[in-house]
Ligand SMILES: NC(=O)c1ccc[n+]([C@@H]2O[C@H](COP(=O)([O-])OP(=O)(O)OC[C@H]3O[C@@H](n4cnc5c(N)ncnc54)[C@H](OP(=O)(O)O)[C@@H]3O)[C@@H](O)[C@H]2O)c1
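Below sits a lone chain in structure tokens, taken as the form predicted alone.
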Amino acid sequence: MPVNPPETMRQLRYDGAGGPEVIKLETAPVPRPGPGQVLIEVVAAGINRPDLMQRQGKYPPPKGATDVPGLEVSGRVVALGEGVDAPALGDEVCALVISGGYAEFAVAEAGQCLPKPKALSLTDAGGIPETFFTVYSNVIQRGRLAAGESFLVHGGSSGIGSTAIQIAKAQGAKVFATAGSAEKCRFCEELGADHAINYREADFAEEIARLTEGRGVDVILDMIGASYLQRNLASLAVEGRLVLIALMGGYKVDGLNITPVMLKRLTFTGATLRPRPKADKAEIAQGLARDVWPKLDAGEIRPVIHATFGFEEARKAHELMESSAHLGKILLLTGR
């Protein structure tokens, strides 16, 4: 750990909107933490779908935030802003950031930092924050998944999906997942899914009806959106909860029949994490520390790391995520 952060660092930015070719490596001043913030010397930064959307010009960072992409990092705390008591200088942490993760140094809110889990390397911890904050807040807090209930996640082999399977299973739920190949279905089941459905070979709503003897599931975590909405409603049990977190399958639905919402007393909700207030994210972090971190420390659950890339290979990392050929998380390594 440097005694003092350097004046400059390497970072990745987008030179306009477009494909992976717009990713540029550049030198920039090291940021300084403000009140309530810390500066992290980044070891690893996770790649997430919102990064790709930002690159395509569809998901700009919030007003006042840096346009450097990256929503999660792991590394060492090297500077403290005013009023910060924890984490301390030198602590190994992972953190949710509003932007700026694709850099050798990143500013994070102190309340959004969590200690590196004991069972994980500092590198692997870079694959935790975005997916674990998202899944915990939407499945446990918003979806209210309880022990003994049943749960379906779409895209079970993704970073979000692999996290959701493990957290739901640890919660004591029966877990179903959809995935796009036999290999991905096996991956989901190895992580703890009771049943994985290959959506390319079977209609997931029909399979859920068969597997639950017509009852349906209590909670669905959906990243697809419009194209799955009618079948999601059909797949929910009475008093079921549908939680929407992305719109990969579109955002407009023609001819939607909302009768199941009334007949089964369903709850249809959704959320995006990035624009939520700092206080909300700090509350999520506290819940994770209480409910999930002991399991990460013990090695009972973990982020699944598919591949790592250096900063010079960032375009290849984005190409891999766009191909959907990965199982779990993709990380960028700074080399620090």
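Values in this document were obtained by computation on a predicted structure and should not be read as measured data. Just count from 1 along the sequence shown to find any residue number.
Below, we turn to the form predicted together with the ligand, even though it does not appear here.
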property: Interface stretch in the model of the complex with the ligand - options 152-160, 207-215, 118-126, 81-89, non-hydrogen atom within 4.5 Å; result: 152-160
property: Selected contact from Ile98, Ile140, Ala237, Ile224, since only one has a non-hydrogen atom within 4.5 angstroms of the ligand in the model of the complex; result: Ile224
property: In the model of the complex, the one of Lys281, Arg302, Arg55, Arg49 near the ligand [non-hydrogen atom within 4.5 angstroms]; result: Arg49
property: Joint contact, Ala179, Arg200 and Ala271 to the ligand in the model of the complex, by non-hydrogen atom at 4.5 Å; result: yes
property: is_contact(Met248, the ligand) in the model of the complex, heavy atom dist at most 4.5 Å; result: yes
property: Asn232, heavy atom within 4.5 angstroms of the ligand in the model of the complex; result: no
property: Met321 within 4.5 Å of the ligand in the model of the complex, heavy atoms; result: yes
property: Residue contact check: Gln166 to the ligand in the model of the complex, 4.5 Å heavy atom; result: no
